[in-house]
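Starting off, we have a lone chain in the form predicted alone, written out as structure tokens.
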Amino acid sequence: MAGQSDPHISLFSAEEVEFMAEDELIEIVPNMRMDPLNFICGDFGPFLPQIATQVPMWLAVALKKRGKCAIRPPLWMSVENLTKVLEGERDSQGAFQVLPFHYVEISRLLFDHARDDIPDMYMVRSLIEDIRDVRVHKVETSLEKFSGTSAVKIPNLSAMEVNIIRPFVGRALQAFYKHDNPEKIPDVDRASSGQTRVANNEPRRPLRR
């Protein structure tokens, strides 16, 4: 987990953020009959043909790969809704439109594994890419206006966007505060290195699945 071991890059890698997004629930339509599945994270099912049910994204993808279900894209992924979101992002320079916290990861998983279940898939993908580009530009513009303060509040950012800017914002806030109170703040790089060494000595924990 290179992102966790190097505080100068990012707190999490893109793959780790996607892994966390796989716990989000999504609706599937099974084409088979199966008893409930019992997992540490919860029980899902029973599964009946053509009866929609909600499961975690990772389970939906696993069943889709085996040809056991179709995945229903969430309502926010419709062309109509995404067009409104894109227009809102372009019209409002100081605010971000409301989207699911893991919209980037969810859409990527669906594009990779369930593209045949997404109406107007190419238009949907193009709109999401445009939305992401506009939002990243707005984040960069917001950071250019960054000044000394005790906190930074940017509502409606997604998980991937937060992950990208968190290291910079954290170090910038630390620098501002350290400049004003040099005797109170320890060296953030030294502290991060110490935490990394401790973390590296801890035993690895198995993944949840």
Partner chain sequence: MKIKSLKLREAHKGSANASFCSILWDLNAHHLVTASSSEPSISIHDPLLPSNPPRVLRHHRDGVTALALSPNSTCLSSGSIDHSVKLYKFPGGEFETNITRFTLPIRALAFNKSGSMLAAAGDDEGIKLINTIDGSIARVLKGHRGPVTGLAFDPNGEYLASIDSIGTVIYWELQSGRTLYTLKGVAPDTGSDTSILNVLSWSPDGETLAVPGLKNDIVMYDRDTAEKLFTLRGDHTQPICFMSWSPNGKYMATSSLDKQILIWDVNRKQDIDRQKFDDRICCMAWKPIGNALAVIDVMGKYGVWESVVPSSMKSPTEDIPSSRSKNSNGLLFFDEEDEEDQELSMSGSLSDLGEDSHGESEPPSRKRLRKQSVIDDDQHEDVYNELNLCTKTEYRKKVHRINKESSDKERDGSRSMMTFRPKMQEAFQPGSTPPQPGKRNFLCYNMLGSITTIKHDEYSHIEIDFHDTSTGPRVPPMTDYYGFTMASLNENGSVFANPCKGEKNMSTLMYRPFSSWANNSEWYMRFEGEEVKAVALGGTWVAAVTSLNFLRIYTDGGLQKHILSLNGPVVTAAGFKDELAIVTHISDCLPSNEQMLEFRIFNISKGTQPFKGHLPLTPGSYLTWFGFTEEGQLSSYDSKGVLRVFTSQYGGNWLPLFSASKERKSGENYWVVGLNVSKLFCIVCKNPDSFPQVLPKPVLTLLNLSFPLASSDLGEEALENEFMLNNLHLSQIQKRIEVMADEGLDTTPLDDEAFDIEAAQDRCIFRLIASCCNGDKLVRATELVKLLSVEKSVRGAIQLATALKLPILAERFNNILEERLQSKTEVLKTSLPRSKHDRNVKADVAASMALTATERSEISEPTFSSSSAKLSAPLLIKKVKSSDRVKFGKPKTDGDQTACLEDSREVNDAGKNAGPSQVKNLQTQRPSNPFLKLPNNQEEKKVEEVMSESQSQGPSNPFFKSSNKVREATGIQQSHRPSNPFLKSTAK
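On a predicted model such as this, the values are computed, not experimentally measured, just so you know. Residue numbers count along the first chain shown, from 1.
The same protein has a further form, the form predicted in complex with the partner chain, not shown here; the description that follows concerns it.
Looking at Ile165, you'd find every heavy atom of it more than 4.5 angstroms from the partner chain in the predicted complex. Taking the partner from elsewhere, Val29 is found to have a heavy atom lying within 4.5 Å of the partner chain in the predicted complex. Although the partner is absent from this view, Leu37 stays clear of the partner chain in the predicted complex, with no non-hydrogen atom inside 4.5 angstroms. The partner chain in the predicted complex comes within 4.5 Å of no heavy atom belonging to Lys64. For the three residues Gln50, Lys68 and Arg72, a heavy atom within 4.5 Å of the partner chain turns up in the predicted complex in every case.
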